[in-house]
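Next up: a single chain in structure tokens, the form predicted alone.
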């Protein structure tokens, strides 16, 4: 091609970098998700927090400052609910370790692992009301469990009537009914784990506890963090059905949890402002405990 022909071809126009459309494209794509979060989620939360500073009854709609929160701190039932939250936090590692260990065995393909996957997940599809009704019969003082214990020479246990035992029974039922979801999450986490690390641990003669501690736990740090937080949220916000069906907050209010307390104040006592204050307290508890768990797990996992 001659020089004259080359000069006859008009030069290509360069596309301007960072055009306005390109800069706003991510915002347009994020807009629906942001609206969904801000609209149905954050806005009602803000309204609930604002409502918690108003009064009930004769003072309905009147600003009362922190009176509702002071009332909560003086209510023995709410203090019992807070104590039970502390108990749930202490039992949380057990609730996470159970699906974690089972997922480890399934990943190692123990005999019958395909069947176990379906069996372990099945309780997660049951309604809490159905689960509560079933275990109310099983854990009754004259129920099948105590009949078996009696055959073993162990005295009957008042699982749902003893204030010192009932909350542990409900937590145990909740863990049984929900660990299938955490199991699926752990199995998904194992799919991202480098198989060569497990092979190297086997070649080096590492025992199963050593493999779990030095290979699996560091490799699944993110997954463990996610399961810890979601399990805690489930314990604090998804046990209402079990408490309502199995004990109705009893005996002696020993199985009260914040969400059940909120329902009592709103649905039976007709104190929506006090219920809003309890809901706000529950939100703050979940936020603080969740952030603390993430910080501890990051430090344990050796993350920056």
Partner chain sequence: MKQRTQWSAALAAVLVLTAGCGSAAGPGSRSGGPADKLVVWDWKSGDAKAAGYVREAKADFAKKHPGVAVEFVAQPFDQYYTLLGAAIQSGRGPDVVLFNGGGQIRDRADALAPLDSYVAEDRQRLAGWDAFTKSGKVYAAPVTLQGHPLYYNKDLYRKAGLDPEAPAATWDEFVRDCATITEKTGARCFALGNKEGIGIQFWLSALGSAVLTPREYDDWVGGKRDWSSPDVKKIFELWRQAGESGLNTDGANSTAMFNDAFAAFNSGKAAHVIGLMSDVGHWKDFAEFLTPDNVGVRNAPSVNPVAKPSLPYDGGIGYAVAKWTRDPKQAADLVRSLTSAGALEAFHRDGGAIAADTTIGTSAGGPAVRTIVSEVKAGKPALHVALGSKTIELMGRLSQQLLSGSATVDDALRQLAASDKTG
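Positions refer to the first chain, counted from 1. Given the structure is predicted, the values throughout are model-derived calculations rather than measurements.
One more form of this protein, predicted together with its partner chain, exists but is not displayed; see below.
Just one listed stretch, out of 184-192, 133-141, 214-222, 198-206, contacts its partner chain in the predicted complex at the 4.5 Å heavy atom level, and that stretch is 133-141. Contact with its partner chain in the predicted complex, judged by any heavy atom within 4.5 Å, is made by just one of 26, 40, 267, 32: 267. Residue contact with its partner chain in the predicted complex: residue 77 places a heavy atom within 4.5 Å of it. Residue 172 falls outside the set of residues with a heavy atom inside 4.5 Å of its partner chain in the predicted complex. The shortest heavy atom separation between residue 237 and its partner chain in the predicted complex exceeds 4.5 Å. With a 4.5 Å cutoff on heavy atoms, residue 150 does not count as touching its partner chain in the predicted complex; it lies far away. The candidate spot formed by 67, 121 and 125 is out of contact with its partner chain in the predicted complex: none of the three has a heavy atom within 4.5 Å. Contacts between 173-187 and its partner chain, taken as any heavy atom within 4.5 Å in the predicted complex, involve no residue at all.
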